[in-house]
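Next up: a single chain in structure tokens, the form predicted on its own.
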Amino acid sequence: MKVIFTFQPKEEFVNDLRNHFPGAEFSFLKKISNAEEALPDAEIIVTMGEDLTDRHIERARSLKWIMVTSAGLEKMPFEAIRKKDILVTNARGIHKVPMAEFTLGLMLQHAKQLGSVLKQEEEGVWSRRLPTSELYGASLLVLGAGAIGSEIARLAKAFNMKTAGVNSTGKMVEHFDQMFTLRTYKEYLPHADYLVAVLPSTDDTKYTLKTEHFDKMKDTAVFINIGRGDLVEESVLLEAVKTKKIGHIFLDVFEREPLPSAHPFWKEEGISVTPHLSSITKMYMPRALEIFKKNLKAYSNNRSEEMMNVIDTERGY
């Protein structure tokens, strides 16, 4: 069983995998371009999910399973994968703790005006006239009530926030007071103090957030996007803050990454930019590889029905 990694994990992870699966032949490569010779014999490919192309899938004649060590799958060559009936799994669920903590951190940063506090400290200004607020009693609407969204709602409940969510069915999910679908959530927008987007990039979600949605929101509301940058057009965001339709926007994801240094988001006072790091902590790789190890054990024992996070390649998630 030949397993190719198209990235290089730390040595401790490499040794751990080899110790747990002595019968597997592992190849750890720095990037996909180094895998050309190994691809034809690879039975399993482990990837971050952004480097595989149709050509790689076609060249990998023995490929049976692809493990994506992230949750994002929008760059995967699914059509080629479907043609060869290749199994795909991902690391869904490993992001919920860091991304939920990151989101609550941004909400607290806004409520307590910590950005302004830091600026005052740097300038040696003593002023207590900052428009601070509380999360207590505030209303939160989460677009994407999956593992990450549910964890955000759980933490929000610790602050006694009112929580509403959006999923594909509208069925209730733990930690949410109300649930909507992408077709019905607009009715809650006028009540939301915080709108958090955790949606993946699909045909149903691309550019789904429009000017009309910001028109319905409070002019004091905060929008946080930690999902995908193509949820809303950049021009819509800029117009929303310039016309004071919204209180503040926090963006961790963008249509083009890295965000160009000359991009207007950097200097727009109503927008705060972070470099797509909401899920990145030292626990990222251990959690991802733990899922891979459980799945590799099931795969090795011909128990594919026990594998976690199997992806529907038609839907792309």
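Residue numbers run from 1 along the displayed sequence. Since we're looking at a predicted model, the values are computed, not measured.
The same protein has a further form, the form predicted in complex with another copy of the chain, not shown here; the description that follows concerns it.
For the three marked residues, Gly105, Arg128 and Glu257, a heavy atom of each sits within 4.5 Å of another copy of the chain in the model of the complex. Not displayed here, another copy of the chain is kept clear of Arg59 by more than 4.5 Å at the level of heavy atoms in the model of the complex.
Interface membership of Lys64, defined by any non-hydrogen atom within 4.5 Å of another copy of the chain in the model of the complex, is ruled out. None of the heavy atoms of Ser235 is located within 4.5 Å of another copy of the chain in the model of the complex. Another copy of the chain in the model of the complex comes within 4.5 Å of a heavy atom belonging to Val97. In summary, the region of this chain contacting another copy of the chain in the model of the complex, judged by heavy atoms within 4.5 Å and restricted to 68 to 76, 110 to 118, 139 to 147, 174 to 182, corresponds to 110 to 118. Exactly one listed residue, out of Ser27, Thr274, Thr53, Asn34, brings a non-hydrogen atom to within 4.5 Å of another copy of the chain in the model of the complex: Thr274. For the candidate set Ala38, Met48, Met285, Ile280, a heavy atom within 4.5 Å of another copy of the chain in the model of the complex is found for exactly one residue, namely Ile280. Residues Arg154, Leu155, Ala158, Phe159, Asn160 are the ones in 153 to 181 with at least one heavy atom within 4.5 Å of another copy of the chain in the model of the complex, listed in sequence order.
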